[in-house]
Every structure is written in structure tokens, then in C-alpha cells.
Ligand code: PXL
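Form predicted on its own, single chain, as C-alpha cells, below.
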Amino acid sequence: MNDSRILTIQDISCVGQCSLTVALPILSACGIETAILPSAVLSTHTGGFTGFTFRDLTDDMPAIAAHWNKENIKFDAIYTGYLGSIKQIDIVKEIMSSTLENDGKKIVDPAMADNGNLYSIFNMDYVKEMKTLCDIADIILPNITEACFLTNTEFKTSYDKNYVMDLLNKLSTGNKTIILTGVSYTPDTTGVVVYENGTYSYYEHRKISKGCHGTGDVYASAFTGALMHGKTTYEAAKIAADYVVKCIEYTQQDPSHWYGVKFEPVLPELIKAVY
């Protein structure tokens, strides 16, 4: 029996299959009691939709955490995704300090950049603050672009293992575990690097040229769910990678489904892999 309780902190995009609408069902499917703290509510995600609504919940977050502290509610892990501001990052650090069990895990997906560029809402001040959150995390899950921004390294589309090892060495502080996603050494393959206790492991799989919005959230959630269910770090990284590939393959069967990834029909395969 798994009695772990996890808190995930990120926004709610009501339509679009990303952020909390991905994290909650995936973590729950992995058998983990999941609490949520929404950082904002959007009618849809911002990738391709126009005229979406947005409500910032930054000012509500400390009051929610204060109530949890009053009720002595604790979490075995806190997993963060997209955070909309520097102030939210500071609030997250306070919540980690006050509500995490003594042996709890801090898992950070520094969702802020892709394809060599920061998301339009962010700047280097945000990157600097995100780095402070990554520095106190037990596990971080950056993609190549995010790793470059966090380490002030030139982004390259073509690279070798030495380039990746340099990123990992710059990212590693203390006993941190790094899951580096989107690592492609050949045009037809991609994969994830697990860097744990100074040991490098690489899981490679077929690269699908056309990706889907929200796959980073799916990956981070599946990894966290598998890990908290008792899988090793490498096993969790592999399970999450295989699951994302299957989700993309399933989504490609429906060309009209441009706004997200169909992760729901493939959940039985994730459950099978985790259990």
C-alpha cells in the first residue's frame, strides 16, 4: 500500500491538457494522494488560443498554506511546474519549508523555456530566481534549453556527450538528481539523461518529429508518480519517457487535436508500468 501524499503547484489551464489538468489525473493514476495548489486559472493555455481569460492566484497562495500549517497538513513530496512570477517562486520556497515532511522530496520542473528561447512572459530576472529554487530541490527536470539558461551556457541544436556533461556538472549542487529531457545525439532519436550521485545514465528512444503541447507536463507528472510509487529514479525516467511517446503516437491519429496531447486513453499503460 502506498500512503504517500504529494502536493503539486502550478496553474490550471481549464482546456488544453497541460499543467494541473495533466498532473492531477496522472499522479492519481499512479496511486498517489494528490493535493493541488493552483497558481493561476486560465480558460485555456496560451499556445495557439486567443482571447483566453487569466486570473492570478498569487495572493491566495500564502493564505492556503497558512491554513494547511494550522491543520498540520504535511506532504511527502512537493512537485512544481509552471510558476508565473518571481513572487510565486518565493512563495513556493516558503511552502516547501513549512509543509514538507522532514524526509520529503522537492521536485522542480523549471518550466520556462524551449527551443532555445524563454517563454515570452519571462526574463533573466526570473531565470535567476528559478535557479535559487532549483538549488534547493532534490530533483530537477529541465530540458536542454532550460539547462542552458540556468547555467548561462550557449544553446546548441547539435552537441555531444561532453556538452551534456558540462551542463550536468554546472547544474549539480549538493546531492541533487537531474533528469535532463530532450537529449538528442542523433537526428532520429531523443532521450533522457539521469544524473544521480555523479552517475550518468541515458535512456534513448525514437524521436517523433511532430510533438504536442503539454508533453513536458505529462513527462514530469508521470516521472513523479512512478518515483513516488516506489520506482527507482532511472525506472521512473524510463516509464515517463515511454508513456509520453505513446501519448504522442495516439494523438497523431487525430489531426484535429492540435491543442494538447491525448494522455487519457493511454493511462492504462502507465498504470501497468507503474504497478
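Remember, it's a predicted structure, so these values are computed and weren't measured experimentally. A residue's number is simply how far along the shown sequence it sits, counting from 1.
Below, we turn to the form predicted together with this ligand, even though it does not appear here.
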Region of this chain that lies against this ligand in the predicted bound form, out of 59 to 67, 224 to 232, 211 to 219, 27 to 35 [heavy atom, 4.5 Å] = 211 to 219
inquiry  = Does any part of I239 reach within 4.5 Å of this ligand in the predicted bound form? Heavy atoms only, please.
reply    = no
message = With a cut-off of 4.5 Å between heavy atoms, is F75 one of the residues that contacts this ligand in the predicted bound form?
response = no
task = Consider T251 of the chain shown here, and say whether it contacts this ligand in the predicted bound form, taking contact as heavy atoms within 4.5 Å.
result = no
inquiry  = With a cut-off of 4.5 Å between heavy atoms, is Y82 one of the residues that contacts this ligand in the predicted bound form?
reply    = yes
query = If you look in the predicted bound form, which residues in 11 to 41 sit within 4.5 Å of this ligand (heavy atoms)?
reply = D11, S13, C18, S19
